[in-house]
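Before any questions on how it binds or moves, here is one chain, the form predicted on its own, in structure tokens.
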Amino acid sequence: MIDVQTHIRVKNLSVWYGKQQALNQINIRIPDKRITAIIGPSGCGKSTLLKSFNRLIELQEGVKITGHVLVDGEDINDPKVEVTHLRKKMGLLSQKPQVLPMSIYENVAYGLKIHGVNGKKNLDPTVEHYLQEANLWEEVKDRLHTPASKLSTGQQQRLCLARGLAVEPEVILGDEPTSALDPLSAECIEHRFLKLKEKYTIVLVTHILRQAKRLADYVVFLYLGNLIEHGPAEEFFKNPKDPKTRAYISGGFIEETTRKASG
């Protein structure tokens, strides 16, 4: 069994967008230094759950949140929580890479400077280190001061990974981070995740079951805003307990036996 040591614990979390309920009473723990995959059909609440971990969800208009998300034992929805500090703990990779309108070098140095790392002597080796971590250094070391926008989409996503790692997060969140990439770039990102889980807790939203099977140590299955089943990946895929899980894994039709979260 997977250990239960965790940075992130979710207790009775429900989320509404206006009158539409997106998540219904979610209770889970995310295991440390493992890859957790959040899976389920489109619109089931995967991204909503992920963005609840770093409070990006509250940027949506008309959002209502009840319940608790505990990060290192602290309820992140408490008004006293410093959001900037929280998001430093949580690196986020979006579906499409969001490079900053500056050079490759400055993209990685940006967060370092915000957190007090300055001067070429300090920045140069640190920028190189995190570009190495993202498996990008060899491809860009001779053009560090060219615009990041000139990189391919796959390279841009690895640059975003390097930028996120540079502020030393505890958790890496990925919202379908390979969905916009070509197969080779996607494979490169996947290999990085498998290496990075030695140091980081990684939580990925994916709609690709094959990817979840390749990468995940732990799986969370959502359907219509409800948590249907979760557990260690090997057990989850080999011996799913809920009929909806079995249907989803096999590509079959999921019977509507769970009341839709929106009512």
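One-based numbering along the sequence shown. Just so we're on the same page, rigid core means the largest C-alpha set that superposes within 1.5 Å between forms. Only a predicted model underlies this, so the values are computations on that prediction, with no experimental measurement involved.
Absent from the display: the form predicted in complex with a small molecule. The rest refers to it.
Participant: Checking a candidate spot here: are 67, 226 and 242 all in contact with the small molecule in the model of the complex (at least one heavy atom each within 4.5 Å)?
Facilitator: Checking in the model of the complex: none of 67, 226 and 242 is within 4.5 Å of the small molecule.
Participant: Can you work out which of 152, 126, 95, 118 has a heavy atom no more than 4.5 Å from the small molecule in the model of the complex?
Facilitator: It is 95.
Participant: Can you pick the stretch from 211 to 219, 196 to 204, 34 to 42, 232 to 240 whose heavy atoms fall within 4.5 Å of the small molecule in the model of the complex?
Facilitator: Contact-bearing stretch, as computed: 34 to 42.
Participant: May I ask you to state whether residue 52 is within 4.5 Å of the small molecule in the model of the complex, using heavy atom distances?
Facilitator: Residue 52 lies outside the contact set for the small molecule.
Participant: Can you tell me whether residue 27 touches the small molecule? I mean in the model of the complex, with a 4.5 angstroms heavy atom cut-off.
Facilitator: Output for residue 27 is no: heavy atoms all beyond 4.5 Å of the small molecule.
Participant: Using a 4.5 angstroms cut-off on non-hydrogen atoms, would residue 133 count as touching the small molecule in the model of the complex?
Facilitator: Residue-level check for residue 133: no, no contact with the small molecule.
Participant: Verify the contact flag for residue 20: yes if a non-hydrogen atom of it lies within 4.5 Å of a non-hydrogen atom of the small molecule in the model of the complex, no if not.
Facilitator: Contact with the small molecule, yes.
Participant: Answer yes if the Cα of residue 179 shifts by 2 angstroms or more between this form and the one not shown on a rigid-core superposition, and no otherwise.
Facilitator: No.
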